[in-house]
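Before any questions on binding or motion, here is one chain by itself as structure tokens, the form predicted alone.
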Amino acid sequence: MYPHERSLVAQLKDKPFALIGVNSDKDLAKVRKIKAEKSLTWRSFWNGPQGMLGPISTAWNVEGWPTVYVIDHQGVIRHKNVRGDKLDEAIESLIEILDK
């Protein structure tokens, strides 16, 4: 999903939009290496040495990777596990509400 995420960040750079990632790799050094190699410019959190069973995924009830949440400006989850065009539509619909 990195190429699509990278394009979203570029396309929406002047909009009320933020992409936040959570990495479930158990090795923090590997996480940092991937972030640099893949040019991930958005904020990404490490889920800890427990990997997929770390504190972030546990708190958010993540059962599979990747899990995508689209959250509005009030912190309400509006969409879960949308991808591709559906993800773009979900994001654009929330931005349109804020642009009015």
Partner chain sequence: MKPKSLILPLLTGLLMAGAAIAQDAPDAFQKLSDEFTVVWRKWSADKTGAQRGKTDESELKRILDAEPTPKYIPRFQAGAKQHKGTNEAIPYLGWLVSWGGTAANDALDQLAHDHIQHAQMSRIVFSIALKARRSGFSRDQALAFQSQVASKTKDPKIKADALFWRAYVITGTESSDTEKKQSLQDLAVAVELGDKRTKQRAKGLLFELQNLQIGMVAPDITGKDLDGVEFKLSDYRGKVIMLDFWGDW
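Positions refer to the first chain, counted from 1. Note that the structure is a prediction, hence the values are computed from the model and not measured.
Separately, the form predicted together with the partner chain exists; it is not shown, and the next lines address it.
- Contact between Lys86 and the partner chain in the predicted bound form is not found at the 4.5 Å heavy atom cutoff.
- Though the partner is left out of this view, Thr67 does reach within 4.5 Å of the partner chain in the predicted bound form, counting heavy atoms only.
- Contact check for Ile77: a heavy atom falls within 4.5 Å of the partner chain in the predicted bound form.
- The partner chain is not shown here, but in the predicted bound form it comes within 4.5 Å of a heavy atom of Ile20.
- Contact residues in stretch 43 to 79 (any heavy atom within 4.5 Å of the partner chain, taken in the predicted bound form) are Arg43, Ser44, Phe45, Trp46, Met52, Leu53, Ile56, Ser57, Ala59, Trp60, Asn61, Val62, Glu63, Gly64, Trp65, Pro66, Thr67, Val68, Tyr69, Val70, Ile71, Asp72, His73, Gln74, Gly75, Val76, Ile77, Arg78, His79.
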